[in-house]
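This document starts with one chain, in the form predicted alone, laid out as structure tokens.
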């Protein structure tokens, strides 16, 4: 078996055994967060690694979370149906915004600015529709009396959500590997280098780009929906908005967007960093964590563009070549 199959399976086995090792609820909570964010970051890297740098994934995550909760609160529609609807809504929005960008050949920093504007529009819409969404105060899914309900996708035990997050994470890695092993990967790599040259050899540039955009948006919305069900509380700052979009980009760059487990490493790194900052700084300095994230993003881009895991693999390859 190959390394990109063995490593995830080993990690999954260790995570699955964590509840039986007497770990605290706090430790399980951190594992759930790493897996959920790892899935969302992996979804972003599907398109980010091919030069489609999106700052709009906070919008897709927010749609996934809010549509699922609103359908449950107002229509008592189970999240098992609400989540696919939320994913479809995010994919539709990605198509509405993405297709004109593809047709008009909006790339590079212009594409990033368009997606950034999308994030702002979705976040402001959530705040503006306060009578429905709760505005900046956020929204809580209606709880079932028993506290645990498969129909409502609500579980009192964090262990149950650990296994849900683990399955979701494995699905994300499977999709990443399928894209990486598929012929579309070579087409997207060629497109990211030169669209005109790619089109001249028969590559359908528009179809390939919109396909990966829709896939990435849909998976991100699914991650946002499950994240909202786990947190049992959502607001624009935690599941949508510019801050979330920048957090996604930073984590993927930090972990390594060109490596299968890079986004997961980025999730672990950013969560541990956030918890450390929370303990050391607390709420004494407002937005200190965001400032540190920004500075570290600049440093990673300059000194470690391949990310933590990418740099480790590159170092191992150099050592192997030197030994040979």
Partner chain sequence: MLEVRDLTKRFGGFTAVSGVSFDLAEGEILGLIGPNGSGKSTTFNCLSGLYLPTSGNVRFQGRDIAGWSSSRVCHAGIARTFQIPRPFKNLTILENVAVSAYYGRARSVSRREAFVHAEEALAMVRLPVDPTLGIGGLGAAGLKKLELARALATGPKLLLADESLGGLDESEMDQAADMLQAIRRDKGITIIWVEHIMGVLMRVVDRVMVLDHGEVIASGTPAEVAAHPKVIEVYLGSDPTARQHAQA
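Numbering follows the first chain given and starts at 1. Fair warning: this is a prediction, and the values are worked out from it, not measured in the lab.
Keep in mind that the form predicted in complex with the partner chain is not shown, yet the notes after this line are about it.
The contact residue chosen from 159, 238, 149, 192 relative to the partner chain in the model of the complex is 192, the criterion being a non-hydrogen atom within 4.5 angstroms. This chain is displayed alone, yet in the model of the complex one of 204, 78, 125, 73 has a heavy atom within 4.5 Å of the partner chain; that residue is 204. Heavy atoms within 4.5 Å of the partner chain in the model of the complex belong, among the stretches 126-134, 178-186, 221-229, 87-95, to residues of 178-186. Using a 4.5 angstroms threshold between heavy atoms, residue 154 stays clear of the partner chain in the model of the complex. Within 4.5 Å of any heavy atom of the partner chain in the model of the complex lies no heavy atom of residue 247. Proximity of residue 199 to the partner chain in the model of the complex: non-hydrogen atoms within 4.5 Å are present.
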